[in-house]
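Shown next as structure tokens: one chain only, the form predicted alone.
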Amino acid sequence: MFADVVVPRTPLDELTYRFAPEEPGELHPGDIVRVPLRRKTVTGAVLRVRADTEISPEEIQPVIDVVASQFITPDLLRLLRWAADYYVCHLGEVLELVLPQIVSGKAEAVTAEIGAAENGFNSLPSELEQAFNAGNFGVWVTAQRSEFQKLLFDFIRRAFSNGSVIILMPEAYRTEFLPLLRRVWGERVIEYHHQMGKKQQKAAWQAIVRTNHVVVGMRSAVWLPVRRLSGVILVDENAESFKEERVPCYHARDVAVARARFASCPVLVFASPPSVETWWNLRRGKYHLLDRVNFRIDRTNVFVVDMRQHRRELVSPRALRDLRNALKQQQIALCYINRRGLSRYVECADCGTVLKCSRCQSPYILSGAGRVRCRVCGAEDEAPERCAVCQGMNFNYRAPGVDMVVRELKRLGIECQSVTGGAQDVQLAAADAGATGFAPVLVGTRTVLRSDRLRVPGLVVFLNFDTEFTIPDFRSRERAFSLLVSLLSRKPSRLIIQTTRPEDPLLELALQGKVSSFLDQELKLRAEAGFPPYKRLVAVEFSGEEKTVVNWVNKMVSELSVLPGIELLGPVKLLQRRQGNPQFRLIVKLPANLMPAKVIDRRKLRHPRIRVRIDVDPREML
């Protein structure tokens, strides 16, 4: 008999080993075994058992022994294969996520039936209750923050009565919901995420694989070999933290949905607002909407400042007045400026029109020598003399960053400090303010908007909202809309939005709470430009000695360009953020129904002097 074994933490797929039923014993898919590899003994997972093989038995090494029987469930085995094909990586790289390096020694899996305590929760919507009763897969989406907590607890109660529950949520939500969850389910609620120490992770992992739990994590929790997965919850699907930047570059939302499909259990997604991909699935009837996505906006304390009336100013008179009032009242005010403000997009100073690439509709940046360049597809052209919309001849190429804002505010007599290190820095600044009785203006990127301080009324100033939806990225408008809607739903006491495009539909629809209208409009734009969800994108990045990389990339381009239905953007040379070899990126557009591994063969990309990184469904194009 022969077993196909996958070894974690290796750039390998299945390796074939032989075994006899009498020793080490009968093997099954999902068993954890010890096998020889390169003069070492390593631990791997059995993916398949078969009676014959094309390889000569004399050339095949034997399985040493069995560590744990049927440890990895069938649905998780299917997920391994799906992830390797979808994210164009090796099975060993995916298995490392299921069996992380913290795991050592003998693993024992014991399934226990543990029901959740009844605490008088209301019943679930009928269609969701039917899915639980029938053991069916389905994705249900809710967009109303006010109704979410009750629905979350009802879903957990119902799912936990059948098995384990995996909840994926960003750090801010964990801080909010963990005490509430533990108040009901006690020690059955376990955290598992990268911010824990290795000893804590190991203890949590060993507890999770032994019996049913309510597991709360961020990305890595979606791969845990829980016993009898019966429900998955995804909180704030638009959170950037759900995207893994290391290989395999997976998105926790998509992996969670795939895993639930293989396990035949329902998924609950909280999305305020839903992503364009989720909205597309809702429109097609693949997902189910539990409530409305539109909401009412109180415009009383929301002010949009047309910066075309203040062309030479970074801070408008209204914002300056409100910041000074916040200082007098010792209230923390937040000034937000996009970190990616260093992208020098080209904007008409008269009408606010942003110059876009005619090929992929991404905003141009100013490259040099008076030329404009697309950082997505590499197209380059002469900078125009006049605006195509208003025929104006005044163009802005400046996009301020945090340091420039801090200098300008201090020049205007506003006591402020930069906050760019993380949410902890914001909390420390707030704690200092409480201790000293003095609250400076905080200036930062998305960090300041993720702070728990936003749960209390406060002043928020978008200093240059245009940079949100004018950066060269097809997701920029969706990201800007989501950011604004999320902030509006938390109801700051005063919000000031500075923009040169106050009439832009994105801004108008957000301030009217018309989420569905914006998402429909965005789907139309994506369809015209051929971007997700209508196409699938794969970003292939190469780094190494420039001449070698250029020749290698050109070879790949020549091979891919002849394939039917495939479109290539680039290659383009990326801006270097640190010293080292230059990087080049090639964007491959695929039909949405085609698995990336069918087009891109990772084995053909190997080169001894070139490092290759493959990112399927990249979240950012910069």
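Numbers for residues come from their place in the sequence shown, where the first is 1. Everything numeric in this text was worked out from a predicted model, so none of it was measured.
Beyond what is shown, the protein has a form predicted in complex with the DNA; the following relates to that form.
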Original post:
Taking the shortest heavy atom distance, is Leu560 within 4.5 Å of the DNA in the predicted complex?
Top reply: no
Original post:
Wondering, does Asn554 line up within 4.5 Å of the DNA in the predicted complex on heavy atoms?
Top reply: no
Subject >> Contact label in the predicted complex: Pro21 to the DNA, heavy atom within 4.5 Å >> reply: no
**OP:** Give a yes/no on whether Pro36 approaches the DNA to within 4.5 Å in the predicted complex, heavy atoms considered.
**Re:** yes
Original post:
With the DNA left out of view, which of Ile614, Leu15, Val599, Leu605 would have a heavy atom within 4.5 Å of it in the predicted complex?
Top reply: Leu15
**OP:** Using a 4.5 Å heavy atom cut-off, indicate which stretch of 589-597, 66-74, 52-60, 563-571 touches the DNA in the predicted complex.
**Re:** 52-60
**OP:** Just give me the residues of 199-226, first to last, that have a heavy atom within 4.5 Å of the DNA in the predicted complex.
**Re:** none
